[in-house]
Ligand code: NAP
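Just one chain follows, in the form predicted on its own, and it is written as structure tokens.
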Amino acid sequence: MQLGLTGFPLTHSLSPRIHQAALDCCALSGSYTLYPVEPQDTQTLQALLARLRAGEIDGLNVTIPHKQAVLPLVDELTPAAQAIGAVNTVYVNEGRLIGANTDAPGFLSDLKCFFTQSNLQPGRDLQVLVLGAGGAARAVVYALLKEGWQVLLAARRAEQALALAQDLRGIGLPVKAIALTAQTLAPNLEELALIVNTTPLGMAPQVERCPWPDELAFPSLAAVYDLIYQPRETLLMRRARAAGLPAESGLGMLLEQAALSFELWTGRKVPLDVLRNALEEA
């Protein structure tokens, strides 16, 4: 099987190790290849999807910045991908390209593990602050809303957060959106049970960046979940832990969504421990 990932940049991706371990576990010959495609390069993205349709590639993951760019390039969206407005997995069914989203269930599964392992009990109102409004944020917000959380969305580009909130309200999922600044965040922190970072700030190689405003203290009762998994501890996580808050990286989400994508491509379920061990050994 020929599987792969498209996005940009991809130099620090762990996906090849994860999916090679999945292939080996299922005794399937094949490989997982990185296909970097720069932002706005729609022609190369279309050509890559044409290879998938032609059978040269059997399955494709999609990451930043193309999770929304692929929407008009596939033949059909799963209901979740349609509602989220972002795709991270593309597979072929009877010659048709199907766009799916395994980020949402992958995130939710790992979040529940994080809360269980940390002995955390979210407050009755389940209030969460999501930082960022890109493709990953769409999946995270959708998953949280479906679980009954009250979501506050904050992005450096306030218009992007407002656009996402409007999209979700259009399918009956209410979201409040604000700009990601200390001034706008400060009045909204008291009741938070969770902060989720979906921005790339802090991702290798720019590991000294942080989406949380320097001058703003963390809410005392919140947990922090950072979707970034390279490095394993981001500056946001270090700052949160220094303030006494539990914090977790997105490595578990990466494994969860990868296992779900692999199942869509192959029909095979792979134990998460197999995928986790592959990374630990590496």
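By rigid core we mean the largest C-alpha set that fits within 1.5 Å across both forms. Residue numbers run from 1 along the displayed sequence. Quick caveat: nothing in here was measured; it's all calculated off a predicted structure.
This protein has a second form, the form predicted in complex with the ligand, left out of what is shown; the following refers to that one.
Taking Gln160, Leu201 and Leu254 as the candidate spot, are all three within 4.5 angstroms of the ligand in the predicted complex by heavy atoms? Yes, the whole trio is in contact, each within 4.5 Å by some heavy atom.
Would you mind picking the one in Leu144, Leu111, Ala137, Ala165 that has a heavy atom within 4.5 Å of the ligand in the predicted complex? Exactly one listed residue reaches within 4.5 Å, namely Ala137.
Have a look at Val70, Ile228, Ala222, Leu236 for me and say which one sits with a heavy atom within 4.5 Å of the ligand in the predicted complex. By the 4.5 Å heavy-atom cutoff, the listed residue in contact is Ile228.
Going by a heavy atom distance of 4.5 Å, is Gly59 a contact of the ligand in the predicted complex? Gly59: no, not in contact with the ligand in the predicted complex.
Distance check, Gly99 to the ligand in the predicted complex, heavy atom within 4.5 Å: Because no heavy atom of Gly99 falls inside 4.5 Å of the ligand in the predicted complex, the answer is no.
Just checking whether Lys176 would be counted as a contact of the ligand in the predicted complex - the rule being heavy atoms within 4.5 angstroms. Answer no; every heavy atom of Lys176 is more than 4.5 Å from the ligand in the predicted complex.
Taking any heavy atom pair closer than or equal to 4.5 Å as contact, tell me whether Ala133 reaches the ligand in the predicted complex. Within the cut-off, so yes.
Okay, which stretch from 186-194, 74-82, 152-160, 166-174 lines the ligand in the predicted complex, with non-hydrogen atoms inside 4.5 Å? This holds for exactly one stretch, 152-160.
Do you see a C-alpha shift of 2 Å or more at Pro231 between the shown form and the other one, with the core held fixed? Stays below the 2 Å threshold, so no.
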